[in-house]
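One chain follows as structure tokens, the form predicted on its own.
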């Protein structure tokens, strides 16, 4: 009886110590994050230029330099506190440098790389121009997935999921599928800061809530936009090698120089997975629309709708991660193909060089 009581006391003491340790760790982490929220933000070069260009500063009111240049009159918005400014700056940094290539302190990106399986992902790869792609005249581009337009028209019906998706849930989809990663918690600072930055862009551009703008999402390319000659991944492969491979690589694995991602992967372990709406098998209209409006860089709009569909079809045939819903057999097959196909491509390339 006495031994049983002693065992219970020891077990209870160990449990209390473990719980106390977890509590102290949670307090430490909370204080660490709070300190990070109050620290001055070191901006990436792209964010420094963009936020200066839009006139972000702590003040009672905010007037957009962008609107002043475009219309001659700056719209007046409620101003930003120093805390607001830091959140917007951190959000911009995350969009521009999700994996923290420009910092040695992972906490400055809220450890965002833990939500991404690969080593290539950056929000800016899809949401170009750090979420606000414009041409040389400052015009926002159709189908460029502008974050500001997405924020003002969030909480709307999403035909892919059949849900009303708030802006934060759309971000979660990006992490799960486009980044082939994991879902952040809804109140994570990562999502909050990206939302703060997107909301600031909406104010800078003077976008109105629940209005749809041309740069929101992707203007999809359907079969009816073509001459109905049929989608062909053979044609797509030829066009890809001619117009896309110089950036994204012959096997679609992207371009990395000195451990820095210059152009992202569109296939392989660092690309979007089979569950992503960028995958041609999930949606045959979204990636073609993105390609037509945003690719190749510097030649946007130069491809015909059928060419965009063929390229997207071809990219969809390249092996990539299966995603969490495909099942173990599909995941195993994709892993096998990701190992075999690049080796075969390299072998054929070496054979061509010898023959040449």
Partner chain sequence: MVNYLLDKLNLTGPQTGLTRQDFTNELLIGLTIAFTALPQAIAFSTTLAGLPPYFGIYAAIWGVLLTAVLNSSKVFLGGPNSTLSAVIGVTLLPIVPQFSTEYINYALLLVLIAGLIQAMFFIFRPLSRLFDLMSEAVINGMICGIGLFLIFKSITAFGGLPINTEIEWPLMIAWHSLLAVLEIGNLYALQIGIITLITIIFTHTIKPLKNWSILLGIIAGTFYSQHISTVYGIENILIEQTANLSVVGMVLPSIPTLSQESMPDIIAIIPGAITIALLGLMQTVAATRRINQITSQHTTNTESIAADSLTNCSLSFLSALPSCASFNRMSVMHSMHAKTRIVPITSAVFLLAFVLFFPELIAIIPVPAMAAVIIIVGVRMIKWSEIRQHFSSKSEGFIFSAAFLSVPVFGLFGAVVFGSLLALLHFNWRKLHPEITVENDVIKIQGSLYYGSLPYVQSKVNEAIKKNTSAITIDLRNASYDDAEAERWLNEIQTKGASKVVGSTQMLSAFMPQSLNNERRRELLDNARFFPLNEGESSTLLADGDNDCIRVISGTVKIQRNDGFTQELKPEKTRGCPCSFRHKGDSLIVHAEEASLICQLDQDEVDFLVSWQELSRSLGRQDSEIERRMDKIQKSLLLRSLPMETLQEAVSRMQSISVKSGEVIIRQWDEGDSFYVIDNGEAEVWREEFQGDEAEMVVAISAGESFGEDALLTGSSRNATIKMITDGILLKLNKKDFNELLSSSIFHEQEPAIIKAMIENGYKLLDVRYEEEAYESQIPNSTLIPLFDLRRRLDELVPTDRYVVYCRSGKRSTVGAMLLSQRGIEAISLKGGILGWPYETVSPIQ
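Note that the rigid core is defined as the largest set of C-alphas that superpose within 1.5 Å between two forms. The structure displayed is predicted, hence computed values, not measured ones. Residue numbers count along the first chain shown, from 1.
If you look for the form predicted in complex with its partner chain, you will not find it shown, but the lines that follow are about it.
Participant: Hey, of 72-80, 214-222, 111-119, 96-104, which bit sits against its partner chain in the predicted complex at 4.5 Å between non-hydrogen atoms?
Facilitator: Only one stretch qualifies here: 111-119.
Participant: Taking 15, 29 and 186 as a possible spot, do all three reach its partner chain in the predicted complex with a heavy atom inside 4.5 Å?
Facilitator: Yes, the whole candidate spot contacts its partner chain.
Participant: Does its partner chain get within 4.5 angstroms of any non-hydrogen atom of residue 300 in the predicted complex?
Facilitator: Residue 300: no contact with its partner chain in the predicted complex.
Participant: Would residue 307 show up as a contact with its partner chain in the predicted complex if we use heavy atoms at 4.5 Å?
Facilitator: Although its partner chain is absent here, residue 307 would stay clear of it in the predicted complex, with no heavy atoms inside 4.5 Å.
Participant: Is residue 336 close enough to touch its partner chain in the predicted complex, meaning at least one heavy atom pair within 4.5 Å?
Facilitator: No, no contact at 4.5 Å.
Participant: Check whether residue 141 has any heavy atom within 4.5 Å of a heavy atom of its partner chain in the predicted complex, and answer yes or no.
Facilitator: The answer is no: residue 141 has no heavy atom within 4.5 Å of its partner chain.
Participant: Find the only residue in 57, 65, 33, 42 having a heavy atom within 4.5 Å of its partner chain in the predicted complex.
Facilitator: It is 33 that has a heavy atom within 4.5 Å of the partner.
Participant: In sequence order, which positions of 307-330 have a non-hydrogen atom within 4.5 Å of its partner chain in the predicted complex?
Facilitator: Residues within 4.5 Å: 324, 325, 327, 328, 329.
Participant: With both forms fit on the core, is the shift of the CA atom of residue 328 between this form and the one not shown 2 Å or larger?
Facilitator: Yes.
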